[in-house]
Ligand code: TSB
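Single chain ahead, by itself, as structure tokens, in the form predicted on its own.
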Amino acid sequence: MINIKENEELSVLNHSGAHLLAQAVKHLYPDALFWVGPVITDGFYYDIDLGSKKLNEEDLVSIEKEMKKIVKDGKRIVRSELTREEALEKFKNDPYKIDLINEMEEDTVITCYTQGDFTDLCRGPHVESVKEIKYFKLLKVSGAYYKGDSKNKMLQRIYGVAFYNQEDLNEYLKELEEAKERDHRKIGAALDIFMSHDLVGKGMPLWLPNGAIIRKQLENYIYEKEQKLGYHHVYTPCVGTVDLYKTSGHWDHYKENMFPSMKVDEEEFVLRPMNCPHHMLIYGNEIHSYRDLPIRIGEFATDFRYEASGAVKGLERVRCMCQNDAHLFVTPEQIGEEFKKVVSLILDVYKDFGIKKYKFRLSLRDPMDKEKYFDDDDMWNMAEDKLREVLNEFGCEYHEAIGEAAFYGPKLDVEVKPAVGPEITLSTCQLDFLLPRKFELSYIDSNGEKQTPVVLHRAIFGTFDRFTAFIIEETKGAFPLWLAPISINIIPVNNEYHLEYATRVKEILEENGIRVNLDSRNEKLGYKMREAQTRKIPMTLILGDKERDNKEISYRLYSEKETTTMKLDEFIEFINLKIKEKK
């Protein structure tokens, strides 16, 4: 989906579309007052004070009609400059515009744009005339606090989008509909995966039983892979003292993204935003030889970060998250080989999940900036060269972002293109020269001298929350056999004659560790089949006389009409293989 804000021509057009919207609203509601109307990623919006009038979908249709009338009139859009005094006088009856003017610096050039009978305070730029804004659509209306502050008045925000031709608009609207169908919040509610509640708080999702199964399967999957690679998994508290984060440096550089501290007895605690400080202490709990390294410490850790309420979104953007986190303690000579194993694990996971549209982003230091970055040229050059070498060896598509590394080391992000929407970052790997020094970590080298290890922070899934949201939207909730909350649904054709056999099949499947549901309700077969489709169960078994008498099963896959029959023992072998393959 195109990012309108980053497309210069579309950005100007949509900015003008916001003014067209405001003019139409002013025609229909003369007392309307306007706050701001910016261009955004997916179009434009305008925040409007309509007093007691509450807009609905029918009102948007009326506003669109008025906008089309204005377009036909074809007035030019004219820019003019005003002194501060002229601007204050012109907008004296509009407290929102007065507030904008008063917030401007004294030397700001104040401009406004006029189209026919409507003038709006604006920096611009705009198209030449309203007749250029032919192809537009108002999308929705919602509430928005004045200045984004919940203590202020609630305004009404109308969203819209504009294009230069009908084909592009139609394609964009089609993509929006596709995005709605894939919205993990909608699917998550329909399939009882997760919920939220105001009493718990924004950005604090509650995983329901179906969601808990999915999350546990993901945990088991990545745990098994990490175990084979020599990871040692730990559990650590989801709080730490303020002193812990002062030692790590997070208190000084990340405090605004953390929840407020809380005092208990004589100690001051904070909900942890990340797990590296805890893992540093675990490493430092023992004396290590160079022969012990690399040491890989992993954890499925619950973290808390303060996200603005407007940014919170389902499982994708949360304030309470579970990271698939690990910290790898290595010698400088081991950086390349250990980074290679991380990239290999990422590629292996993406292959299993069918993730094909991704690219790597390598954030490097600016070598000319001697103040921003940890001062060790040899270490930086060696580390960056090793990362490039590994990516080139794998043939990975990547781009370098000079000057965007963290202070303490270069970073790899994997940017994944989902089925709808902009790219998102799933996997990350960050080199860190600094944190081991802050915690005075060491290992004894081959000469018997103390050395400081280098740490790789890495997350393959990122967070289980965001990865689950991604998988929901990729599959539209039609999970593969191994991941679905219910893998197989069993329907006896007639309970009186087939329930006993169906129950035995269920028991055998459960003995093989397969999640099964037996639908023994006194409902018609067609109804049960349709409901299994609605619930997006991967496979449904239909058991009648033939299946019972021949010790067979007949199955139908989700969204397919073809039915396959096979012997029960062959089916057990077949299904176990399918689940093991994790296709």
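All values reported here derive from a predicted model rather than from experimental measurement. So that the term is clear: the rigid core is the largest set of C-alpha atoms that superpose within 1.5 Å between two forms. In this text, residue numbers run from 1 along the sequence as written.
What comes next is about the form predicted in complex with the named molecule, which does not appear here.
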query: Interface stretch in the model of the complex with the named molecule - options 450-458, 509-517, 371-379, 87-95, non-hydrogen atom within 4.5 Å; finding: 450-458
query: Close approach of S487 to the named molecule in the model of the complex, 4.5 Å, heavy atom; finding: no
query: Non-hydrogen atom contact V390 with the named molecule in the model of the complex at 4.5 angstroms; finding: no
query: Any non-hydrogen atom of V161 within 4.5 angstroms of the named molecule in the model of the complex; finding: no
query: Touches the named molecule in the model of the complex: T463 (any heavy atom, 4.5 Å); finding: yes
query: Non-hydrogen atom within 4.5 angstroms of the named molecule in the model of the complex for each of H327, T425 and T428; finding: yes
query: Contact assignment for the named molecule in the model of the complex, among V318, A301, C122, L138, heavy atom within 4.5 Å; finding: V318
query: Heavy atom within 4.5 Å of the named molecule in the model of the complex - the one residue of L82, L441, C276, V416 that qualifies; finding: C276
query: Did I424 shift 2 Å or more between the shown form and the other one, C-alpha, core superposed; finding: yes
